[in-house]
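Take a look at this single chain in structure tokens; it is the form predicted on its own.
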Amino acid sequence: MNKEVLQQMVEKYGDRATDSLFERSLYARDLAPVPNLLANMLVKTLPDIVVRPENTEEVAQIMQTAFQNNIPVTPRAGGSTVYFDSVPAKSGILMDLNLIKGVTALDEQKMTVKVKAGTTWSELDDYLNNKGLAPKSFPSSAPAATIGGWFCMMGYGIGSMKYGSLLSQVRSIEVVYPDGKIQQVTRDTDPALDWFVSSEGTLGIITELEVEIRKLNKMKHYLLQLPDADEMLAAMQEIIKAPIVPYNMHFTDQECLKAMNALGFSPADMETGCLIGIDYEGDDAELQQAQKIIEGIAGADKKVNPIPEETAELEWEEKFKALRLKRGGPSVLGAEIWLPITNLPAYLNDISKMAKGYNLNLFSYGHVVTPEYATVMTTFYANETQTIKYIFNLSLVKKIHDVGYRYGGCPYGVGVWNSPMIGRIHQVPELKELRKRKQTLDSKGIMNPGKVYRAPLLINPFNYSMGMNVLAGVRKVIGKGW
């Protein structure tokens, strides 16, 4: 980056801009503990400067400077993913959006709220709850994840079962394009809203969103223990086709239950079978009908073991602590997969076989987010301080994705690390259209470059597949005791 431009930015934004090596290094990673040996070989994660704009106008000014000088820009707020989608791939400017937060308008007649993109979901939830309102849905990382960040991902999570994806709830967004132009984007504009969902900050920087909200209703929570994945799927399907749609439905496999029990987190000290959590929200009539649905499922099949409601309520209170399994670490590796729920038992069966083949424990849990699909997270313990072993273990992430792909799944999110598998996420015509959009809005390729559309050369699909398969083969032979 041009030193003169860098110095001008430091002088202009004062203590909201830094070129300190120590401070910049804090932005060179997200939640993924990737060894320097691997990361530095593929991408340039250390930004040249970090700037913290306070409003849309400052975002536009920074983008204009970047556009004029061909400087890469990486937007970042919560940094709560593991894909390097908010980590620089080509150095440049890291734009920290955490100062752009707060509610700017609430319309209780339209049941919408306008909120700045750097606001976390927990902050929005607290604001709305105080007024008897709530978001329709939110991510399981709500304490750290931001409104804008989740929209730029796929936007499925807690509440999606009943209210749909975040895209379906967003009325409009304010976007700053790579050239600094500001536009209000709706479903009827060109480009339209759907261009930006899942774009992972590669088309522009979202600074404000208008989002639909709901009344803050009473809730009822249930936990059902099932003997195996087939019975779990059967119960899920009964719940899905029932007249009252759950607000949320999550599940845990037996290995995950065992791991949580060993750490003291397991509901009712369970370590056998599978577990479904079902959460309903609504008026008294809806909740009474929901209770009859769950009681009917449990009463019709002796294999279904209902867990006391107070335990189910506690499980709901712990909904943001999925990564508590990491305490058994020191760390975890894994894959999050978008999977047809009808194939969940076959997926879990093959994951169990894989675990035996590599002599490790694989834990799976996830959320049913539509009547047809679930997001499934399969993880295992790893130690990033043992660099060589850790790199060999990274090959097993690809193997988990292979199992998911075998059963109609694909990676949930792209960034850098899943870019070699972009062909599993998008068909050729879809990918062609996405690249066309990128060229249209970011002809200079400065907006969060090196992500989503194609993999870095060293991990192109052929190299990645061959390299990871070789590493996994070696890991299978020599890593039995790891």
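It should be emphasised that the depicted structure is a prediction, and the values quoted were computed from it without experimental measurement. Numbering starts at 1 and follows the sequence shown.
One more form of this protein should be noted, the form predicted in complex with a small molecule, which is absent from this view; the next part is about it.
Where, among 71-79, 180-188, 257-265, 308-316, do residues come within 4.5 Å of the small molecule in the model of the complex by heavy atom distance?
Selected stretch: 71-79.
At the 4.5 Å heavy atom threshold, is Asp85 in contact with the small molecule in the model of the complex?
Asp85 belongs to the contact set for the small molecule.
4.5 angstroms heavy atom contact with the small molecule in the model of the complex for Ile205
Yes, Ile205 lies within 4.5 Å of the small molecule in the model of the complex.
Quick one: does Asn418 come within 4.5 Å of the small molecule in the model of the complex, counting heavy atoms only?
Result no; Asn418 lies far from the small molecule in the model of the complex.
Leu31, heavy atom within 4.5 angstroms of the small molecule in the model of the complex
Judged by the heavy-atom cut-off of 4.5 Å, Leu31 is in contact with the small molecule in the model of the complex.
Give me the residue from Leu99, Ala322, Val332, Ala298 that has a heavy atom within 4.5 Å of the small molecule in the model of the complex.
Of the candidates Leu99, Ala322, Val332, Ala298, Ala322 is the one lying within 4.5 Å of the small molecule in the model of the complex.
Name the single residue among Tyr358, Trp195, Tyr156, Phe392 that comes within 4.5 Å of the small molecule in the model of the complex, judging by heavy atoms.
Here the answer is residue option Tyr156.
Triple contact flag Pro139, Thr146 and Asn448 to the small molecule in the model of the complex, non-hydrogen atom at 4.5 angstroms
Affirmative, all three are within 4.5 Å.
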